[in-house]
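Taking the form predicted on its own, here's one chain by itself in structure tokens.
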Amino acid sequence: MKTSISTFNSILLVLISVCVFTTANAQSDSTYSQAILTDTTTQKLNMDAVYNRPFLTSGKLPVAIGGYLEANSRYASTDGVSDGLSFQMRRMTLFFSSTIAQKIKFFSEIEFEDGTKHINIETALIDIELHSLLNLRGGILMNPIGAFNQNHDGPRWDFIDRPISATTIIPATLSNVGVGLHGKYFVNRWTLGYELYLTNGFDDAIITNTDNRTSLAAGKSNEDKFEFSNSGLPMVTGKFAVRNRTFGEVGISYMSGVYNKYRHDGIVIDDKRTASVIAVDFTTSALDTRLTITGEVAKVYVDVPNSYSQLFASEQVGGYIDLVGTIFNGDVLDWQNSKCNLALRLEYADYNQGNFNETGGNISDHIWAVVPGIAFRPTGSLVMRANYRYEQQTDFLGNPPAKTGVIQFGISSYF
């Protein structure tokens, strides 16, 4: 395993060196290189997020490159106890895109989290356009469940932490090997889009994990998921979204698959057990687009064996809503159309919906948080942000909640 990781790192470093060398040479000739920019404050459909990113092309180099980074400081205190101030390098991500032939595209995304503690191939896909309504996609692809999982790049958000529900209920970022179809249809001011994929899915860690609770986040960590399906059956993920140029976007998505290894050597050893998620997301603007409202709600259903304790839930639910208002839009120093935003996030996650069998009382494994913040965007692809996070987390038995306050300052930018 260590040898394969070392080889991967060596290949990656060589590729980066070639790209940097070529780009550096291009700086002496302005006609040689071209930056394909994007303003991350504007959005298409969430399903377009994979290509709606800034890239740099150089001469005849067949690959366009890009990426983003996230870094921040953090001071947190839980019930009056603090570990002090820390600085965090959350992630650095590299994009590679290429047009193989007319109507055939390749895209890959490699993510380095917490320095190099985690290195993941998050996306590596090929798109073949047969028609605007019929595109074939295969490879390592993002499961289109919810909106955040598809549109999660740090520079797009005015909040440092990712939403609780989008990382622990769904959980983002979720990608798998698979194949499927996607397409869009345009009519007047409306855009309709769909995605339908068959992929590998979760594994038994959904209910056999160190969290001692039902966790789709734990179930996505199967190290062999890029090689085979744990259950031997595909997981189905589908989404339909509609966007109006004036009112915004609404999407509904569904994902379901067998997660347990129910047979071994051709012998059935367990019932097929299914994990399913349904999600609704929306984005809209008001006050002449000065106020943007983004939200997502997800509901999880898991077939948990009767032999498991009530710590493991068969139903979970979570969601968030973001309100981001622009209080300044103008030129600052040499930056044109800079923006200053005030932001507020309300979020909630219930990891165990239901009641105790013995008493009928409510099971209380849940968390909620309020996150106000301010963000300054000198350009559309960079954000400097400050957040204060207050959260309360209640344990399984409903004891008094742990209260946490977090002060954060951070920066995130495409490059």
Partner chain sequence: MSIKFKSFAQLIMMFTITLLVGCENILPSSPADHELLDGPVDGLTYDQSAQFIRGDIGFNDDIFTASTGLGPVFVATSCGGCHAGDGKGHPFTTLTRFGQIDSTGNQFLDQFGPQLQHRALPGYTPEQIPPGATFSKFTPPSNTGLGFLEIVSDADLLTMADPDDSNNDGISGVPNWISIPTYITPRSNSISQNGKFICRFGKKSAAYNLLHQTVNAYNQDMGITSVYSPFDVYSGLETDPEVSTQKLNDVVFYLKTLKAPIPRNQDDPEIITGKQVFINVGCESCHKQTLTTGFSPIESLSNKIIHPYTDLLLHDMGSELDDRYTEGSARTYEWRTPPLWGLGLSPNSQGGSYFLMHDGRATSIESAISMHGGEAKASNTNYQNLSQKDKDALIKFLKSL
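Please read all numbers here as calculations on a predicted model, not as lab measurements. Residue numbers count along the first chain shown, from 1.
The following text describes the form predicted together with the partner chain, which does not appear among the structures shown.
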**Message:** Even though the partner isn't displayed, in the predicted bound form is residue 80 close enough to the partner chain, meaning a heavy atom within 4.5 Å?
**Reply:** yes
**Prompt:** Do residue 308 and the partner chain come within 4.5 Å of each other in the predicted bound form, heavy atoms counted?
**Reply:** yes
**Asked** Are any of the heavy atoms in residue 266 no more than 4.5 Å from a heavy atom of the partner chain in the predicted bound form?
**Response** no
**Prompt:** With the partner left out of view, is residue 376 within 4.5 angstroms of the partner chain in the predicted bound form by any non-hydrogen atom?
**Reply:** yes
**Request:** Counting only non-hydrogen atoms, choose the one of 282-290, 94-102, 138-146, 331-339 that falls within 4.5 Å of the partner chain in the predicted bound form.
**Result:** 331-339
**Asked** At 4.5 angstroms, heavy atoms only, are 110, 179 and 348 all close to the partner chain in the predicted bound form?
**Response** no
**Complete:** The one residue among 209, 256, 314, 244 placing a heavy atom within 4.5 Å of the partner chain in the predicted bound form is 209
**Asked** For the stretch 391-407, which residues lie within 4.5 Å of the partner chain in the predicted bound form by non-hydrogen atom distance?
**Response** 395, 396, 397, 398, 399, 400, 403, 404, 405, 406, 407
